[in-house]
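Alright, here's a single protein chain in two forms, structure 1 and structure 2, each given by itself as structure tokens.
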Structure 1
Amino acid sequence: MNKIGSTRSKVYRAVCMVIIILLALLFLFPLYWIVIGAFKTQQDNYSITPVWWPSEWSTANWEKLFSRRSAPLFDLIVPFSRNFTQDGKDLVLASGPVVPGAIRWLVNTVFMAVMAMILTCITASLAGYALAKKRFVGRGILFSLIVCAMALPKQVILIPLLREMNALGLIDNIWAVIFPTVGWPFGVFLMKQFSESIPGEVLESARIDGASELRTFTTVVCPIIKPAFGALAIFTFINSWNDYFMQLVMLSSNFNYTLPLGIATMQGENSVDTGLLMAGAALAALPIIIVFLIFQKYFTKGITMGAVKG
């Protein structure tokens, strides 16, 4: 019986391993197709029969991506300065060296996603901790409104957002894409649920030891909810990176474009350069992969935490 059970166990594990490998290959195939397509010739990309492996490796798509247009690598802009200048433009303190437009777009996109990730994690963790561990009037109503806001698409509040960003002088500024993401209701909800698991005795011990609220939060709460930070960081980064609609509405200058917007402007009106799109998509996927690999451990903990109680 033991041998039979052992054999069944090995067969079961082998079948599971095969299924996992097949699923992994299935999910990796789009990335493979993008990377391979970026190195294909135009003839291979437009072939009616799918070309699974390039007949000739070519860097023409990458050369085209980095050869069109040029822009400063970065601009040091005084925030909200547009309202105080005579020409109504942002006050630029300094600019970086001139680089290909795709590099500037990539820098804009990374800056937007990283700042949105950092600010969202800070605000969501503070709000979630307060909603979970503080008792104040209207706490339940406020949390209910946040949950309801999760079902509200950005398209519904687009006009108020545009008017608000315009009043702040942030239209056609990368911060106009960042600020609407900072108060992400899902982030507050996620952090609130994680903060519920913090033992009240630990917080009370910190207060007895004389720790202030800020010190209690930074030294006691943050280490406990570190997996939630990892999960929220990945969610926010990907959400900001892929928010093409908000980027399209808020940004109009070539220097302020994100990578998806910049690649879209490089397409002809009646034609699509598939190889150029593949090269841009491969470049855009690289930072997301890096961020996921960095936060993978915390992301996994964040997803699985709470699955087992006791």
Structure 2
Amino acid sequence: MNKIGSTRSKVYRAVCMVIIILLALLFLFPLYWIVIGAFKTQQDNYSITPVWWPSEWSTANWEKLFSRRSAPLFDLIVPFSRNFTQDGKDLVLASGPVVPGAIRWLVNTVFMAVMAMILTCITASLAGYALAKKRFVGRGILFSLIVCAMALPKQVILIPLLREMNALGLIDNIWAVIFPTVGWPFGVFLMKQFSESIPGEVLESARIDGASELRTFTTVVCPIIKPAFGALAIFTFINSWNDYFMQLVMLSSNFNYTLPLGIATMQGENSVDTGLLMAGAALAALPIIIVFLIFQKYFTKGITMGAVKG
């Protein structure tokens, strides 16, 4: 009886394994199709019998993607400055050389994700530490508010947010995407969960040694919560990179686009040029996938940390 049971479970496990490998291939296929599609000739891309492996590798799609030089590499803009200039336009401190639009999109996207990441790490770690270790009035209410805000759909506030950004003079500026990302309370929640593990005695002894609050934070707290920084940083970076709806609502000039927004607009304009779209999709997806693969360990930790006691 026992023997039959174990053979049966072995068979079951083997079948499971086969199905999971097939599923994994299915999950990988779209990505494969993007990359291959970006390097196939137009003819191959429109073939009714799918060309599983390109008969000839072509860089035509990439050349097209990078063909028109249309935007400066970067614009150093003073945020909020349009409220104070006479013509109502932003003050531009410096502009880079003119480059293809897609390169500018890449620069915009990286800038947005990095800024969102840095600001979130700073603000969330300070707030998370305070929520976990400081006994101030209103701490409980504040924390409940943060948890509730997390459960609400982020996207329903986008329309009022657009109005607010309009009033602040930030519309069609990359900061209009960065600020709401920083305000999203998930980071604070994550850092609070992690800061709970800081031993009280360590903080106590720092205080007895006469360290100021800020010094205690930078020299005692920061080293302890270092793993959480890694998790939060990578998490924010990827989420901000892919937050398409926010980018769609906030950004309107072509040279201010991010990569996801640029690709989406390209699809709307000429949905027939599949090869070009795939090159664009590859440009949007590959950098973030590489970042993910490098920092995978932190990322997994970030996801599971958020769920503990969630």
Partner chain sequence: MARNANPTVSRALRRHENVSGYLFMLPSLIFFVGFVIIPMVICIFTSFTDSMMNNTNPVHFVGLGNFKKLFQDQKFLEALRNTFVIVLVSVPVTCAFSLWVASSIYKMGNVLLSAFRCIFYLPVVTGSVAVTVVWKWMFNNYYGVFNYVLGSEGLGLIEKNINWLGDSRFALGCIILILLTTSVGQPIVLYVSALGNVDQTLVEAAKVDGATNFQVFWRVKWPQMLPTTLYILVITTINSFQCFALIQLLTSGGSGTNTVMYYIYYTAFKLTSTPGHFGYANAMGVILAIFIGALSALQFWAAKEK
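Each residue is numbered by where it sits in the sequence of structure 1, with counting from 1. Since the model is a prediction, treat every value here as computed from it, not as a measurement. Rigid core (definition): largest C-alpha set, two forms, superposition within 1.5 Å.
Trainee: Two forms of the same chain appear here; which of them is the form predicted together with its partner chain?
Mentor: The form predicted together with its partner chain is the one given as structure 2; the other form is structure 1.
Trainee: If I superpose the two forms on their rigid core, does the C-alpha of Asp44 end up displaced by 2 Å or more between the two structures?
Mentor: It does, since the Asp44 C-alpha is displaced 2 Å or more between the two structures after the core fit.
Trainee: After the core is matched up, is the C-alpha of Tyr244 off by 2 Å or more between the two structures?
Mentor: No, shifts by less than 2 Å.
Trainee: Does superposing the core leave Trp33 with a CA shift of 2 Å or more between the two structures?
Mentor: After core superposition, the displacement of the Trp33 C-alpha between the two structures reaches the 2 Å mark, so yes.
Trainee: Can you give the CA shift of Leu286 between the two structures, in Å, with the two forms fit on their core?
Mentor: C-alpha shift for Leu286: 3.4 Å.
Trainee: Give the C-alpha shift of Ala24 between the two structures, in Å, after superposing the two forms on their rigid core.
Mentor: Here the C-alpha difference is 7.3 Å.
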